[in-house]
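So this first bit is one chain, no partners, the form predicted on its own, shown in structure tokens.
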Amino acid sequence: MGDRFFPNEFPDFVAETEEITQTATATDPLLKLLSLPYHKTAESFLRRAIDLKDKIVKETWLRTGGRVKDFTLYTGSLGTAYLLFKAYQVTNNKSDLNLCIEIVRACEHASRDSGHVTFICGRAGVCALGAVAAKQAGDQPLLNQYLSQFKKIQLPEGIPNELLYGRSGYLWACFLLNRYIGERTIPSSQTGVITKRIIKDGIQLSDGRCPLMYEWHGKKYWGAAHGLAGIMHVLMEMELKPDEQELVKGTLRYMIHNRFPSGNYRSSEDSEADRLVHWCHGAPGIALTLAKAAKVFQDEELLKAAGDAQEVVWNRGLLKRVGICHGVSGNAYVFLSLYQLTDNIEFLYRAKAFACFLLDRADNLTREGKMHGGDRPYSLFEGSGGMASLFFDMINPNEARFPGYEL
């Protein structure tokens, strides 16, 4: 189990005072970085984020001559566009926004024949991000074009319910449009029908122990990418009726009561392997969903469970990978989410610790073969794009959002 992650040797908490930076004990460069006042560390995060963003643009866009093979947010060019949009939000550099729009145009062309309809892995992500970027640029004709294309997307028969390829992933794109463009951009009459279908399917597959249950490729997954956590996360964006709320809360409580003794969560219903501490499978993605549920339902049991899950991430979450799907970058968002929910500075410290680990050591560990840079090393979900996203989000931690998951 330990071969998946580095031992967490950070102190439980390091207060940010000028005196700590001057102590003789802080000889480790990583600990020196961690003890800096936040605004100083943020300057380092920003410099590294911009450097990474520029390199990613060079490798994924300029070197290809603007050709798009993989258009998705997950591993493709839309991830580069998303990173540019995040950079624009932080720095207000219009050239980043303009390049984002240029890349989305190419992704729109490349995605026209795609049968995938979600935000992270499908055409809905292209049209939604295109519309949001056009809105920011004040380009009304382009905004109208992307909204028109989005509204033509049809959910195919037999589509699953999960986040990466299913109904939940399409709904998430709808909610993104409503947040950035306007509340009724995609009306509740449309999203409500899809929500009811998701709930209906969940009830039908339930065996009575868990109120809602779903399958993807024959497995009853629990995690954020393909299972219960991701679906519940999206359902909570809707104004649910009391009985529907109870179905969601009951599903989350079932997962809590059947987690591993270690506090980690199963990857799927029948799994007994307590190995994965990822956003996609395991405690990190479920912690994000529990934090959201604690906020939506004002429920102390769910808040405690979110706190318990983040302890697993703290202890076993320094993964030997850099990305956000199954790496250190994604796991850091757990602490940012709980910091936003509770205002507890110790959660911000933990996010800073994971981010400083990447800032100080990721490059060397990757070069030495001790850390995996991702099968697609410049991508948003597997590679350095996710690390750059985290560094940008560390500048304004109250505004941090896990890409394609938190709104």
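Residue positions are given as counts along the sequence shown, with the first one as 1. From a predicted model like this one, the values you see are computed outputs, not experimental measurements.
Another form exists, predicted in complex with a small molecule; not displayed. Remarks below refer to it.
Asks: Could you work out which of His372, Arg361, Lys32, Arg48 is the residue within 4.5 angstroms of the small molecule in the predicted complex, going by heavy atoms?
Replies: Checked against the cut-off, the match is His372.
Asks: Of the options Cys325, Ile231, Ala332, Ala124, which one has a non-hydrogen atom that comes within 4.5 Å of the small molecule in the predicted complex?
Replies: Looking at the other structure, the residue within range turns out to be Cys325.
Asks: If you check in the predicted complex, is Ala173 within 4.5 Å of the small molecule, heavy atoms only?
Replies: Contact check for Ala173: no, nothing within 4.5 Å of the small molecule in the predicted complex.
Asks: Is there any non-hydrogen atom of Lys200 lying within 4.5 Å of the small molecule in the predicted complex?
Replies: Heavy-atom contact with the small molecule at 4.5 Å: absent for Lys200.
Asks: Does the 4.5 Å heavy atom contact test between Arg401 and the small molecule in the predicted complex come out positive?
Replies: Although the small molecule is absent here, Arg401 would stay clear of it in the predicted complex, with no heavy atoms inside 4.5 Å.
Asks: Would you classify Tyr74 as touching the small molecule in the predicted complex, given a 4.5 Å non-hydrogen atom cut-off?
Replies: Judged by the heavy-atom cut-off of 4.5 Å, Tyr74 is in contact with the small molecule in the predicted complex.
Asks: Look at the stretches 280-288, 133-141, 88-96, 182-190 and give the one with heavy atoms within 4.5 Å of the small molecule in the predicted complex.
Replies: Within 4.5 Å of the partner lies stretch 280-288.
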